[in-house]
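Before any questions on how it binds or moves, here is one chain, the form predicted alone, in structure tokens.
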């Protein structure tokens, strides 16, 4: 890692020219207003690690909202303002930039949301979670690109360490425990010795955090490239059991996560699949306790529950040469992501094959004839229409009929049989 204290060349190398031009322009606007503007947080860390990061956070020693409004007028972007917090988010084109006034934070009690007051850049950096995230880059002309590293973040990057900034860090906000594990595993770093000691000491502080905040941290874990690494580390340090004592981060779970990445799972569903795989070994009661404890939202909870319910179908699905209509009947109605969970979790090639057949083809099969068509042909309105539609679908699935005309012929036959 080069020792230069000016990172302007790295900004130009790792950020698109449109963003580089924006940072130079908004820095000049800030200076004209008498403000000091800084690029802060993860993007600074990643620039020093020779990584691209387009998640840009700007801290202003001055009126952040007013500066963001001026930036919006220049870019013709859309601005979302939160005056109470002195923050704004600017969106234009495919870019999103956060502006915030430099601030200090105090905590009335462990786990409480902080009380925020205007502050200096030094105070703003000190309130952050880890030294490697507590660096800034000056964006004002004349100082543009200058690295500000008051707490030794660059040295910790070189030593590959995750270090908290003070003794009460995990006490104030125990969600930092999960964040420490995420950064450690994502970056292939190690917890600094005192940080690990403090983490072990403050694990009980996780109980001071609201369910929604704990769940949010778990969701962030499940969005990592290899979340199983974080979960294994959480198990090792006795953090995982705080979510639920029955949760395990076994080699089996790691293998299932790897298989999940190898099948075609929409990116938007992958975190829900991971969550269902994590809870897959739980009993129904343990699963419901977990959903209730973390207030798992509707769609994710549906995937978790359906994955559990599908366990009752696995014996049938392991049957060799199972008729497509029976596969359809067994699997229809379940959340698609839960089907993928079952296919990944099973050790049976037949189960995996049958679920794959349903997911990729069978669930899309339907008759050409509609309910109105059946009524016109003489089927009595009511439950009989649904029965005939289901029989038509089964006949289509099993290859007994293939065309609309054949559907009409078989419906006529069924009506005649009924007299």
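It should be emphasised that the depicted structure is a prediction, and the values quoted were computed from it without experimental measurement. Numbering follows the first chain given and starts at 1.
The next section is about a form of this same protein that is not shown, the form predicted together with cytidine-5'-triphosphate (CTP).
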item	value
Interface membership of residue 387, cytidine-5'-triphosphate (CTP) in the model of the complex, 4.5 Å heavy atom rule	no
4.5 angstroms heavy atom contact with cytidine-5'-triphosphate (CTP) in the model of the complex for residue 62	no
Non-hydrogen atom contact residue 228 with cytidine-5'-triphosphate (CTP) in the model of the complex at 4.5 angstroms	no
Contact test in the model of the complex: residue 175 vs cytidine-5'-triphosphate (CTP), heavy atoms, 4.5 Å	yes
Site check 127, 179 and 182: each within 4.5 Å of cytidine-5'-triphosphate (CTP) in the model of the complex by heavy atom	yes
Contact residue in the model of the complex, chosen from 133, 346, 75, 308 - any heavy atom within 4.5 Å of cytidine-5'-triphosphate (CTP)	133
Answer option from 201, 186, 223, 259, heavy atom within 4.5 Å of cytidine-5'-triphosphate (CTP) in the model of the complex	186
Location of cytidine-5'-triphosphate (CTP) contact in the model of the complex, chosen stretch of 351-359, 34-42, 389-397, 62-70 [non-hydrogen atom, 4.5 Å]	34-42
